[in-house]
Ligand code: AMP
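Coming up is one lone chain in structure tokens, specifically the form predicted alone.
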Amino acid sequence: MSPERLLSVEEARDTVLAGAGGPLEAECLALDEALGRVAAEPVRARISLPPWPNSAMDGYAIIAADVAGATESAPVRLSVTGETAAGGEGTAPVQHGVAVRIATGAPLPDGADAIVQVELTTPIAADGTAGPRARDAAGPIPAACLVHAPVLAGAHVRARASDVSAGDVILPTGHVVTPSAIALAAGTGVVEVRAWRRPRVAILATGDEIRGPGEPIGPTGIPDANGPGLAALVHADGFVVIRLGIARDRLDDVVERLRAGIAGADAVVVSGGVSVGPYDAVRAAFAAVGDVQLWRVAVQPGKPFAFGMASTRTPGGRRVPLFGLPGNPVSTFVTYELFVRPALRALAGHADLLRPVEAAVIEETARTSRGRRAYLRAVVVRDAAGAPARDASGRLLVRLAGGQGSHVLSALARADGLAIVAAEVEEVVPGDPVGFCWTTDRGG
């Protein structure tokens, strides 16, 4: 391959993923610490759910055959011999002609095979007086009840293990621990999950002109957008952020900070200093601490992207991947999305590394650089209800979020995601097909 040829996005990503490897080592976590992590082994139910038959309604536990002929005008009278509540003591077995008042979630008494909901009953006092048609199951236990409609055997009964059986896999390897997965695990007696460790990601901004938060910018400085922006991306993706500060445009400063990051991180992400300017020291710094495996990709924005591997190994024996991102903020964001995020997800054990790409139609004209795949910052057109609009073929309708210069942060902040234009296309006009990937949670 010619050293002058730009790598395609796929070639660069394949190199990055092969070098970064993954996943990291697994660790045992309490359920309340496992949210967002990826299961490293199957999670199995310890108990069945429900663990015993229980009621799905407030009402009365009965034998269904007793009320087979019940009607509104000719109700069936049953003696009420007690009640059972969720978490309460059991009652004597239900026999023919008998009902037991029961609360939702309470264990089904022995002998009962159905629940008649309270709304289909009328309470009868000890003196034989009928109360009002029941609307709730509060108050003293009646001596008897009238049942005004038949119910089938099994009605409103949650059978034991009807949801999950003990030993069932409730979370396969590679699946993300979601809030609902935590609820299911807790409900089946699971107390901990074995999950892949979250990557620790060291972030370094570079540039003599870059100023930290709150620092005076002076006549030639600019506030650091890349450091906080990258930290937010890493945090939003569920990984651990390590801040390395801002390096001057000097090789020794960049190398020193790189080595500090390598010592405590699973990946190091550097913004700025990867182009061909006289003060761009990052590629040389990568070579000083390891090697440079690729540089320059056929992508717009973000062509001067570098990737390398540090020679120093972590305590687990893994070489640390090094990512050199362009200094322009939009280029930093795009190259993070294309190359860094998939690698970090691989380290975290995720099976789905890339964002889905949808078919879309652009509604504005945009020029791109031929030979480089373009990622335009775009917004999705909305219908009157605020939902994403689509054409008759189901394709999303998208527009530019603003200026497409790699320095235009305002368009990046407005964008719903990235509209993707093939490398061989120099211009798209209204009605042209593009790809689109959401980078925000505004898809609904």
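All residue numbers are counted from 1 along the displayed sequence. Predicted, not measured: the structure shown is a model, and the values here were computed from it.
Absent from the display: the form predicted together with the ligand. The rest refers to it.
Looking at 183 to 191, 158 to 166, 202 to 210, 255 to 263, the stretch with residues near the ligand in the predicted bound form, meaning non-hydrogen atoms within 4.5 angstroms, turns out to be 202 to 210. Of the residues I222, A287, V357, A298, just one reaches the ligand in the predicted bound form with a heavy atom at 4.5 Å or closer; this is I222. With the partner omitted here, the residue from T104, S275, T122, T178 that has a non-hydrogen atom within 4.5 angstroms of the ligand in the predicted bound form is S275. The shortest heavy atom separation between G327 and the ligand in the predicted bound form is within 4.5 Å.
At a distance threshold of 4.5 angstroms between non-hydrogen atoms, N226 is in contact with the ligand in the predicted bound form.
In the predicted bound form, E337 stays away from the ligand, with no heavy atom inside 4.5 Å.
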